[in-house]
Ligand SMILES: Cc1ncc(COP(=O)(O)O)c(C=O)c1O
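So this first bit is one chain, no partners, the form predicted on its own, shown in structure tokens.
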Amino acid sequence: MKQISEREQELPDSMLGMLSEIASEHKEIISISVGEPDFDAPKPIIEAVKKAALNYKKNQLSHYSSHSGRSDLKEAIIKKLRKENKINARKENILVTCGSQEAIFAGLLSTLDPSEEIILSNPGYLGYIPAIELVNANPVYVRLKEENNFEIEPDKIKEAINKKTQVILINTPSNPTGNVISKKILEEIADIAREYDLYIFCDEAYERLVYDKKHFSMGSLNGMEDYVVSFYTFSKSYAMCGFRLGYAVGPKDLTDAMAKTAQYMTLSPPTISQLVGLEALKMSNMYIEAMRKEYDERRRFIVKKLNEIGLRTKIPNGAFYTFSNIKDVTKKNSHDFALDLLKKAKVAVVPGSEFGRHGEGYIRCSYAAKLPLIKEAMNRIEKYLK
């Protein structure tokens, strides 16, 4: 008898997807919920699309590329990693994928057998948990506390390790809290990985969107070449979400395994996206810096306003999210509060419970929206609270 698998039935329905759909259908709703840049891709990227399309035969756009990524793109990635992330890599250490989400999924499939464990922070990015559940592994959570500025505590990681632990997953800059992990904390986590012989997965999707604090790549630390897999995407810094392009860099034996796994998921990353990504890595930093400065202006405004209206909010050092404490203004849980805000104030935010058990009592707002929209959203929330 045909039926939907138990694995799929047990996957949680994301409220974020529902909010996005509602906001797109109802124009009166202001969405400050979605984690996607509101900027169009910079002009050099659009020109690269046109150029690639005009030379589609020469560029073999209608054909598969190498399943692990084009050689010329890997060369450009190597230069970028050395210059910006201080990571020394060769082509065999790099896997190009359809966004960093595919790379992370391939990494999970390549390191975790059923019932084995991966340690990650909570609250944390909502895409990790379903992926871990799909490979029948077990997530083990380390709680992030508001009073500690949502900084992960290495001692808590150490306490969570047992014989089933295979991977420690960190996200810096972080979604949803906006925390940027300090070099000191990264070094302590690196020591733990070496002591217990564990892999570290470091998701650096928001690497270029940092404010008031320096971002360090875990893979740049001495002696971590055999332990760290770093994940990157073109989606956030280059406003290229629709191109679905990302990459991972790590130990050759693991990136080989991930490449083999990814081949059975998508065969290869899109040829045209790789050609555009190659041009993105060559373009002037002025385009990314212009976006970052605009995000910074929005960040300062929204944090100040949220605190003024009673939603306690730590200032984030990275990404484009705020994570606000709602406990002073409502007795509702975060899910009901977000739904009520949607119905009565016509503003879409993400309930903290979407990011794990320890996200309850918070909401996530995205400042990847134009400043006038953010201002109007804040006005509506303020009226709702009054």
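Bear in mind the structure is a predicted one, so any value in this text is a computation, not a measurement. Quick note: we count residues from 1 along the sequence shown, nothing fancier.
Keep in mind the form predicted in complex with the ligand is missing from the figure; the text below concerns it.
With the partner omitted here, the residue from 230, 100, 274, 255 that has a non-hydrogen atom within 4.5 angstroms of the ligand in the model of the complex is 100. This chain appears without its partner; in the model of the complex, the one residue of 217, 313, 93, 175 with a heavy atom within 4.5 Å of the ligand is 175. Though the partner is left out of this view, residue 69 does not reach within 4.5 Å of the ligand in the model of the complex, counting heavy atoms only.
In the model of the complex, the ligand stays beyond 4.5 Å of every heavy atom belonging to residue 105.
Though the partner is left out of this view, residue 287 does not reach within 4.5 Å of the ligand in the model of the complex, counting heavy atoms only. In the model of the complex, at least one heavy atom of residue 244 sits within 4.5 Å of a heavy atom of the ligand.
Look at 79-87, 207-215, 142-150, 167-175: in the model of the complex, residues with non-hydrogen atoms within 4.5 angstroms of the ligand sit in 167-175. Residues are counted as partner-facing when one of their heavy atoms sits within 4.5 Å of the ligand in the model of the complex; in 56-80 not one qualifies.
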